[in-house]
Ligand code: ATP
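We begin with a single chain expressed as structure tokens, specifically the form predicted alone.
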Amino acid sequence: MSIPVVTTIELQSLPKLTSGKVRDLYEIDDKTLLFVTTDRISAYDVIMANGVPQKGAILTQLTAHWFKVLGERIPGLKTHFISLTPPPSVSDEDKALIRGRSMQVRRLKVFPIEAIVRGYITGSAWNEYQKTGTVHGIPQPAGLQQCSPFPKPLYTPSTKAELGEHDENISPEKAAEIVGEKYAARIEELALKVYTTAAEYAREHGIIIADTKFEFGLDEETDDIVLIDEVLTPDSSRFWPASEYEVGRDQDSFDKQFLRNWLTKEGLKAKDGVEMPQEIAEATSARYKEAFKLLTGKTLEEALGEL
């Protein structure tokens, strides 16, 4: 029996605030939101016409797992996560639609930057380094090879573009202009701490996190910087199998690089309205599920059975 792919969800119980590339936000009350993650997938800032089976559940359950792990390993870390259980105001019919793919979160002021951390030189960073010896405009040591680790993880922020627009790489100094010096320094510090902590955990479980991006919000009542959105999923990170890692070449991956590679090969990079062949969608889902099992120690089905 094929698994239904859910790219559109319209809840009747709650007012929808916005739809992103992957996630829909609903209002529970003035302090609480319901994040609903669909099976939509984007690559090169373009949403595919069809989705990836069970992707929304994988991202939601893996993010919840990471919030637990990071909370245990980083004293004082604040996240927006409240619960995987929908509020009582959601009808039984709507609960069935979002089973496994929703979480209640605190409603916070979102900082308009992406906090990107790179542990290894790959992708656009490698392309830039080959031409200029820099990454994100930051000079790097000579002699790095493709997929080498950086001497230390690199913080390379970007703007957070509106739907349909492209994120723009910016310097840490520009990020400070956007969010303010005080908050920029704390965001950079937290992003690097979360990355190094997560990378250590992932390596213990057979995965190298080559790079990732975080989002942060501000609790205006306490002035705390809070880790928000999804974290450390195959959508927001490059995951490599540690057992197959080898410097000097492209790596196999558990993330959407597989989809990006197919789009590039087919001449469809950044084209609108592209529909993935079923085998590409299913192979992407299989990679996401493999990463989920390695990182959590359970299958997606086992995790959903605990809800």
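Predicted model only: the values in this text are computed from it and were never measured. Just count from 1 along the sequence shown to find any residue number.
Omitted from view is the form predicted together with ligand ATP, to which the following refers.
Counting ligand atoms within 2.4 Å of backbone or C-beta atoms, the overlay of ligand ATP from its pose in the model of the complex onto the shown chain yields zero, and the pocket is open. For ligand ATP in the model of the complex, the listed stretch (200-208, 184-192, 170-178, 110-118) containing residues with heavy atoms inside 4.5 Å is 110-118. Contact here is defined as any heavy atom lying within 4.5 Å of ligand ATP in the model of the complex, and by that definition not a single one of T7, D39 and L263 is a contact residue.
Checking V90, I228, V135, C147 against ligand ATP in the model of the complex, a heavy atom within 4.5 Å turns up for just one residue: I228.
In the model of the complex, none of the heavy atoms of L295 sits within 4.5 Å of a heavy atom of ligand ATP.
Ligand ATP in the model of the complex comes within 4.5 Å of no heavy atom belonging to K95. In the model of the complex, ligand ATP lies within 4.5 Å of some heavy atom of L33. Though the partner is left out of this view, R101 does not reach within 4.5 Å of ligand ATP in the model of the complex, counting heavy atoms only. Taking a 4.5 Å heavy atom cutoff to ligand ATP in the model of the complex, the contacting residues in 17-53 are G20, K21, V22, R23, L25, L33, F35, S42.
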